[in-house]
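The structure tokens that follow cover one protein chain in two forms, given apart as structure 1 and structure 2.
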Structure 1
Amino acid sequence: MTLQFRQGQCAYDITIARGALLQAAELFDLKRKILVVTGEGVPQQYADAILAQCPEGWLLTIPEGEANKTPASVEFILNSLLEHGFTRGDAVVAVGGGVTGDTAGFAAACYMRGIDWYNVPTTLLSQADSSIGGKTGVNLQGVKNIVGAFHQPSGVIIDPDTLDTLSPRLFAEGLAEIIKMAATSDATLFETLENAEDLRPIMEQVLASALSIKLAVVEADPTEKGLRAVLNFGHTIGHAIEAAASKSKAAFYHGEAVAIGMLYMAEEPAKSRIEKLLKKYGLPTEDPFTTEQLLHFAAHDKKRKGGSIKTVRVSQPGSFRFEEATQDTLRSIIQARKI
């Protein structure tokens, strides 16, 4: 299954297929110097499968985890490109989760003011979320994604077979993003997720549906001026939960925090259906924080404009509306769920 991203002069294919890693030589232009960048914790067989198809390729493994999504990792990649004599016609292939993709993509954006890069996301989160949109970047002094560039990949391979090695918790985390997209924009996908007994056999279709939503949104709003905010459903409170958790003993993955965040912003009948879906796929539906704690962190939400925050509300799966929420509105929304 192939989707195409188009924006001005830029167009590239996103191939979603089991075993597609082995077709990289047909899908990407690998007949040049290639630096395959992977993450420490990513099973090496995936990067090796790409490297084996590069006539002139090198493998570079970067440290993993959000704490290593830094300019130092970018410099590590840039040094390797320089040492191997990469020129403007050469390319980088990122093989790994969102940390690897964001870091390697940003290094490609910086080297010689931008060389080609290909993305091979291997977590469900990165397949569903970071494979489209061209956002690359790293953290600085602990501030997430504060340094970066829009640099579209020249091609993307999504091979659902790579999900076989993912932990159930990371799989569920990625699914939270897919549930988010279905909840706002695709009632059929939402029902598919509700009815599926086993997602494995239908993973290509599920990913294609989720990515089609993201494609349509990003193409319509490349620079995040309006519609793209729909992708933030659940994120206002989700970010607050993540921030509160980082200061406490509770630990939530990003997707888990967004999962709970969606429940704050959903209304009936969508709310009960989303909650059921989250439980079905092993995602959390409650957080331990007080209204004031969440409000404190939500007030720092980067989507805050003037005195209010642009939020996404869902009352029927497959549809949404934007709503400006003041501090008081947000307090009532949070309190309604805490009672």
Structure 2
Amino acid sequence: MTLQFRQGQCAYDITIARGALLQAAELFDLKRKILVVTGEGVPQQYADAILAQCPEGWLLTIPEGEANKTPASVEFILNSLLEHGFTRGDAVVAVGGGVTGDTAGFAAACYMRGIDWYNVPTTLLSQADSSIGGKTGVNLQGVKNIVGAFHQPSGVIIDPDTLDTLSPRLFAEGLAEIIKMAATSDATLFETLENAEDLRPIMEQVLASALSIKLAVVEADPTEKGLRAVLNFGHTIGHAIEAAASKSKAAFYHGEAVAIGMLYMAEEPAKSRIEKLLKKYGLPTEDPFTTEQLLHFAAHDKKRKGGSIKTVRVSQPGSFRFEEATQDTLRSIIQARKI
């Protein structure tokens, strides 16, 4: 199954197929210097499968986790590119989760003002969300993705077989992003998620549906000037939950924080249906933070313009509306759920 991203003169294929990892040489241009960047916790066989298809390739392993999604990791990749004499005609292949893709993609955007990179996401979260769209970047002083660039990949491989090595919690985390896209843009996909007894046999179709939503949005708004903000459903409060958790003993993965964040921004009847779906797939629906804690971190949201943030509200699965929220509006929204 192949989807295609098209925007201006930029076009690339997104291949969704079991076993596609072993076809990388047919899907990517690997006949040049290739730096395969992977994360410490990513099963080694995935990067090795790509490296084995590179006539001239090197493997670089970077620390994983949001705490290591920093300019220092980008510098580590840039130093490796420089040491191996990479030129503008060479490329990077990111193999791993969203942190690996965002960091390696940003390094590729910076090196010689931009070289090719390919994305091979191996977690459900990265396959469903960050695999396409060209948003690369790192965190700075605890602020998520505040340093980055739009740099589209030259190709994407999504191999559902890589999901077999995910823990149930990481699999559920990825489903949160799929639920997010269905809630705003595809009532049929939302119903499929509600009715399915086991998603794994239909994962290719589920991923294709979710990515088709994101493709349509990104093609229409490649640099997030308007419509693309719909992809931030659940993220305004979700990012605040992540940031608050990093300063406490609580622990939330990105998708888990987004799952809770959706419930702050959903209204009935969507709210009850989303909550039921989150519980079905083992995702959290509550957070332990106070209104003021969440407001503090939401104030640093990079989407803030002036005194307000564009939020996404959903009252019926498959549709959405934008609302500008001031600090006072956000306080009311958060307090309403805390009562």
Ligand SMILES: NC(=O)c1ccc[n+]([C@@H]2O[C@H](COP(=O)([O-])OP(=O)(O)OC[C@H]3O[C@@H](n4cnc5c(N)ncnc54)[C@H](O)[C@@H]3O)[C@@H](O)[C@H]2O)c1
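C-alpha atoms forming the largest set that superposes within 1.5 Å between two forms make up the rigid core. All residue numbers here follow the sequence of structure 1, with the first residue given the number 1. The structure displayed is predicted, hence computed values, not measured ones.
Asker: Which number belongs to the form predicted on its own, 1 or 2?
Answerer: Answer to the question: structure 2 is the form predicted on its own, whereas structure 1 comes from elsewhere.
Asker: Align on the rigid core first; then say whether the Cα of residue 68 has moved by at least 2 Å between structure 1 and structure 2.
Answerer: False for residue 68: its C-alpha shift is below 2 Å.
Asker: Taking the rigid core as the superposition reference, indicate whether the CA of residue 13 shifts 2 angstroms or more between structure 1 and structure 2.
Answerer: No, because once the rigid core is superposed, the C-alpha of residue 13 moves less than 2 Å between structure 1 and structure 2.
Asker: So, does residue 89 move by 2 Å or more at the CA between structure 1 and structure 2, with the core held fixed?
Answerer: False for residue 89: its C-alpha shift is below 2 Å.
Asker: After superposing on the rigid core, how many Å does the CA of residue 329 move between structure 1 and structure 2?
Answerer: Reported C-alpha shift between structure 1 and structure 2: 4.5 Å at residue 329.
Asker: Using the rigid core as the frame, report the C-alpha movement of residue 286 between structure 1 and structure 2, one decimal, in Å.
Answerer: C-alpha displacement of residue 286 between structure 1 and structure 2: 2.4 Å.
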